[in-house]
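Shown next as structure tokens: one chain only, the form predicted on its own.
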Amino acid sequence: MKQSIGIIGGGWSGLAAAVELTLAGHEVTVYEAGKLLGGRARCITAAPPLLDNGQHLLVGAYRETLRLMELVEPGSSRSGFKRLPLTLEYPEGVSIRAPRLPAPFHLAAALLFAQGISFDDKLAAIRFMRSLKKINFMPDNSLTVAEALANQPVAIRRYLWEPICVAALNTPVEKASFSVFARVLKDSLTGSAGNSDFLIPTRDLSALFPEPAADWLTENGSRTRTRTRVTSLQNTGKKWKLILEDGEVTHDKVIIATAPVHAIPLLEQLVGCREIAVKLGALEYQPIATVYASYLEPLWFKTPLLGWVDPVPLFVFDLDTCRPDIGEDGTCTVAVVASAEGEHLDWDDARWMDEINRRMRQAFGQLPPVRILKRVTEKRATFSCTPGLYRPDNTTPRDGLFIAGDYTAGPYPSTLEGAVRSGVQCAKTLLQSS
């Protein structure tokens, strides 16, 4: 039977749930308080250059994200990204690059031919990757990444595992959950060769999925409503009433697909859901800072992604190579990303420029003049992915009310794939409850 379903929150999780439910024949309305869909992964500038609220890096193992992109816009799972075999390049002289070989030979070759790492250290890393296949998930949920990797050589921790951990979990290794990290590594490093590829978006994030998803929903009988804030929920018999700032609407079932901070006031009003709200209120968060900068002359990158580990880990994306819509002739536009907690949160533009230029000189020598285009700091970019973390189920104690978001129960950290998987799983759970 066709149902009317309301989804509160137009981020990647809410849109993923909306697409799945519409595909199943239901009529869905997505309510987004902001003026744009996409949540923490969207475009934030109205005129070129079209910059996002943070630079994202996906991997080939993000199968649900790629599947839904392909569904709403055929061909976009390929054209939407610059696909780069696993590449970790550091100006200190360390370089790890996976060649185009079948799995698992591509990773073995990447380590065996890595520069700046001893042969014994390479063998230790290979043994660790082989052990991932034997892990009975989930591994000990009390272990941190630092504890689990204590026996790995310093160079391998410093240039391989720790950067991947910070990039994937956005949590320092001393705090990060090894069980979640191990699942990410297992999916990306022990499957097909393409699973470990880095996927760098070739267009702004709104155009990558939120906008095509909204168009697809409209074409298939559902809709999205932006600038529409839901202030409270009321259960009226077998239906749910959404109280809006400018009226009210009724649906058969409802999914709350907002960030935890916005889900809490909706849940705490409802008998049976207050405990969930209290536990969500205890979540801790990690920041991500992205600085978009433009050098006034071209810079020739060996690879579209460079990394530094000290004193604050930084990743620099060559947007001129990855984003043809960004930059002007004769310039070089970069996105500099610092993940997880650290002193960078207090840096002003001048300090950022000093830090960026100091590192870039290691790779390029003398630099041309540079200007900051935009600086974006999300202090609650992701939840802190720690051992034993409480993550609620998609269901709630109230019939017809569900929760979706990257923070819900699932194997992945706070990534786009984690958000999309949660939305897909929430839609399946809702359909099974009908």
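The structure displayed is predicted, hence computed values, not measured ones. When you see a residue number, it is the position in the sequence shown, counting from 1.
Below, we turn to the form predicted in complex with a small molecule, even though it does not appear here.
At the 4.5 Å threshold, heavy atoms of S384 stay clear of the small molecule in the predicted complex, well away from it. The closest heavy atom approach of T171 to the small molecule in the predicted complex falls outside 4.5 Å. Contact between R40 and the small molecule in the predicted complex is found at the 4.5 Å heavy atom cutoff. In the predicted complex, the small molecule lies within 4.5 Å of some heavy atom of N53. For the candidate set S222, T228, S179, S206, a heavy atom within 4.5 Å of the small molecule in the predicted complex is found for exactly one residue, namely T228. Listed residues A259, I126, V309, L283 were compared with the small molecule in the predicted complex; A259 is the one with a heavy atom within 4.5 Å. Only one listed stretch (367 to 375, 404 to 412, 66 to 74, 384 to 392) carries heavy atoms within 4.5 Å of the small molecule in the predicted complex, and that stretch is 404 to 412. Taking the partner from elsewhere, no residue among P49, P304 and C332 has a non-hydrogen atom within 4.5 angstroms of the small molecule in the predicted complex.
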